[in-house]
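What follows are structure tokens for two forms of the same protein chain, given separately as structure 1 and structure 2.
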Structure 1
Amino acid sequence: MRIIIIGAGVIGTAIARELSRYETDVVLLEKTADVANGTSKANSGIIHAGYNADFNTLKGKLNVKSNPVFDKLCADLKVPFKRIGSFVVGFNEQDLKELKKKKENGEKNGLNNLEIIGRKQLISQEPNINKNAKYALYAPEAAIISPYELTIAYADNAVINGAQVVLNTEVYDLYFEDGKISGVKTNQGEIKADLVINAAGLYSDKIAGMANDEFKINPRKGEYHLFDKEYGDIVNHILFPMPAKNSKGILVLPTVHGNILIGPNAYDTNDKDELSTTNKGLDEILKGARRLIPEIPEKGIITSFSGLRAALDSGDFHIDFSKNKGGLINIIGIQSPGLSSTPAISEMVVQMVKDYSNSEKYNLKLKKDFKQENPKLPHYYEYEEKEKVDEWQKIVKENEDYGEIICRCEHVSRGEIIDAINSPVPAQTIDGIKRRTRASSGRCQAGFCGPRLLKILSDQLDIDPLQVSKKGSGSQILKARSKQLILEKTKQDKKAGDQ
């Protein structure tokens, strides 16, 4: 049985990994040059506790079911993960009423450890918080994660277990025989399939439309600021304001790598590729974050970015078989808490696949040799403590590439970069290396390591330096060789002189 998954974001890769437990042919198609290139690379990186989504919704149920799974999942996949808890911060009696409603909703979802705390306890936990804050809903099970590292790790584990990840492959159409899916048409040709899973994120409505299933994704843009690690101790927990109508509001949180992240705002847009940032939006984020932490320093910002969320009018997830064609599963409207719900979403979809395969007499069987864990690779930052230096020296003695630091800001060695380029889903771009190793993610934003990364990619992939790109075709770093430009300029000057 061949199963095609369209879209290599966190949902598609999670499903690919879960399906790779079975003796079946899993093919994950992604139209860009890497996994995690869409919404999965640009979000808040929060594993929500589960008090926010209504207990009657699918996303509420899947969030709560997934949250306890992440400790072991991230340990298996070697993904950084920290349970630091969250506060929803209130300033007045009306806010307190809303916090009580959230607590009640969370308890209906099965959360028994939510707590509303007062000003004194809040300030003791968060010394830099606005002194006018009076109340907070505390959720100890909330956590932080690297969303793109989770996506990459899902994909790597799926490949380790026999799945295929096919990049730069865009689906143009689906085709059917006798009312059932029989394959997909792509820019690389036709691929046969016995079942197709539509996990195309912002474009999932377009894929569903190929089977005459009508959905309308409403892209919602959110902008962010990321701060230098120097300011990483400003907050200790995930801090939410009272939620806005169409978002959880502008929040402040630590990242798993020691930075501070603030955002997002929320603006509806008709453009599914519109990822610009605006002065107005970025000022709005800073102002909103300072309502929680007044002393956030603008000078600490090292980069700003935006992401798009795939919202449906219903506000809930849609996970179901096509109403018009057999063998197509549509996964649509997976906005927050989509990242937090990936374990349960993937289990739900795989159960749907099993039910369909049984009805079609495919008889899906579990593998006996499924590899639950990803291999543990050396990372210099984990050995920087004095007592671990000797361990790192042993690693360097075995492979001298680990002895050369390429990224000074994030302390990333040449060996780690080469590992990323040779991983199960290999990094083939500057951004691919960045998401796997953190190289170029620090204070100088590739000012020092950028040329070195380009050289390593060129050497390892055996390609011309002019072919090395930031994120795939059309984003090449270099335009031409200096000597070539000089020769062209000389020719132009000579031609102008002759005229």
Structure 2
Amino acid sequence: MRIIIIGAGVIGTAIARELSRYETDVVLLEKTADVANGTSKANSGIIHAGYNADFNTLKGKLNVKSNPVFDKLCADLKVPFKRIGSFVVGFNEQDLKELKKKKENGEKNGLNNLEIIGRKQLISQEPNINKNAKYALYAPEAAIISPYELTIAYADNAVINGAQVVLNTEVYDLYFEDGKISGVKTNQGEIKADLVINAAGLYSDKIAGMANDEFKINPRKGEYHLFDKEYGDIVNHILFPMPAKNSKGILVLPTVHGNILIGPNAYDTNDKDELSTTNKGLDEILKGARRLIPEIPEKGIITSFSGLRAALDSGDFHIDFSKNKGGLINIIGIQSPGLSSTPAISEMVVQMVKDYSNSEKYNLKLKKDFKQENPKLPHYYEYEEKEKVDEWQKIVKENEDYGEIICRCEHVSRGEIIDAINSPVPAQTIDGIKRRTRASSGRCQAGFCGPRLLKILSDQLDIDPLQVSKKGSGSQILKARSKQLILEKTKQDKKAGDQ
């Protein structure tokens, strides 16, 4: 049985990995040049505890169910993950009431170590917090993760277990036989399928529409700013303000790699590719963040980005079979806490796949040799963090490429970059390398390592340096070889002269 998954975000890749446990043909199609190129690369990276959503909603249930799974999952998949806990910060008695309500809701959802703490305790945990903060709801289960590394790791594990990830392949139509799915049409041709899973994120409404299932996603943009590691110790936990109408408000949190992240704001947009950042947004986010941590510096931002929430009017996730056609599962409206819910979402979808395959007389059998774990690749920065740099020696002795530092800011070696290019879902762009190794994600933003990464990519992939791109076709870094523009011009002039 062939199962096609459309969209290699965290949802599509998680499902691909779960399905790769079975003896079946799994094909994951992604229109961009890499996995984790959509919303899954640009979000807060929080594994929520689960006190927010109502337990009667699908997202509430799936979130709470998923949260405890992450420790083992991340250990298996070698994804950076830290259970640092979160505070929702209140300033007055009204806020306290709200916090109590949240706590109650959380308890209904089965979270039993939520705690409301007072100012003194808050300050001892977060010395830089606004001095006017009075209360906080503490959720020890809340955690931080690198969302794109999770997505990449899911995809890598799926490939290790036999799934195929096909990049640069955009689905533009579905086709059916006798009311049942029989394949997808893509810019690379048609691909047959017995079952299709629509995990196209912001575009999942469009894919559903191909089966006449009507949905409307209202993209809502959120901008972020990331600070230099130098400021990494100004907060220790995830800090939420009291929630706003459309979002959880502007947060301040550390990332798993020791930077500080602030954002997001929330703006409705019609354009699903509109990921620019604005000055207005920056001001708003700085202001919001400073309500929590007044000392957020003006300098020190090393990068800015934005993500689009794929919101449905219902506000909840929609995970169900197509109402109109057989063999199509629609996964739509996976906004926050989508990332936090991936284990339960993929489990649920796999159950649906099993039900469908039984009804269609396909018999899904578990593989005997499923590999639960991704291999552990060496990263110099981890040795540095653990103050075990001397042990890196062994690694360099085995392969000298680990002895050449390519990214000066994040201390990434040539060996690590080559590993990324040779990984199950290979890095093929500068951004792909960045997400897998951190090279070029530091304060100089590729100023130093850019030319070096370009050379390694062109050598390893055996492509012309002019073809190396930032994020796939059309985003090539270089325009010409030395003297090429002059020679071309001379030739043109000659031709014009001859005529």
Partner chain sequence: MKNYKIIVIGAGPAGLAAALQASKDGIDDILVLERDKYMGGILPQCIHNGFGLEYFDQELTGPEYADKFIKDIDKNNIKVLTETMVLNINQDKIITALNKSNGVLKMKANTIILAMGCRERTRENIQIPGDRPAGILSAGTAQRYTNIEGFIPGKEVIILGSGDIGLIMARRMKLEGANVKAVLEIMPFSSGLVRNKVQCLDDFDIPLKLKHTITRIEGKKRLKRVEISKVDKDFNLVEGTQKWIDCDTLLLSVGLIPENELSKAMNLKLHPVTGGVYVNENRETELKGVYACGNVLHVHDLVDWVSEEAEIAGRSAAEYLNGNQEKRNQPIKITPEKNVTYTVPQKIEYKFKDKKFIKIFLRVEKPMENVKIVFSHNEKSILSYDKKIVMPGEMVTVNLPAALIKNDMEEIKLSIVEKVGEKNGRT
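Numbers follow structure 1, counted from its first residue as 1. Only the largest set of C-alpha atoms that superpose within 1.5 Å between the two forms is called the rigid core. None of these values were measured; they are calculated from a predicted model.
**Q** Looking at both forms of the chain, which one is the form predicted alone?
**A** Pick structure 1; the other is not the form predicted alone.
**Q** Does the C-alpha of Leu478 move 2 Å or more between structures 1 and 2 once the rigid core is lined up?
**A** For Leu478, whose C-alpha is compared between structures 1 and 2 after core superposition, the shift is less than 2 Å.
**Q** Once the two forms are fit on the core, has Glu23 moved its CA by at least 2 Å between structures 1 and 2?
**A** It does not reach a 2 Å shift.
**Q** Keeping the rigid core superposed, can you check how far the CA atom of Leu487 moves between structures 1 and 2, in angstrom?
**A** Leu487 is displaced by 2.7 Å at its C-alpha.
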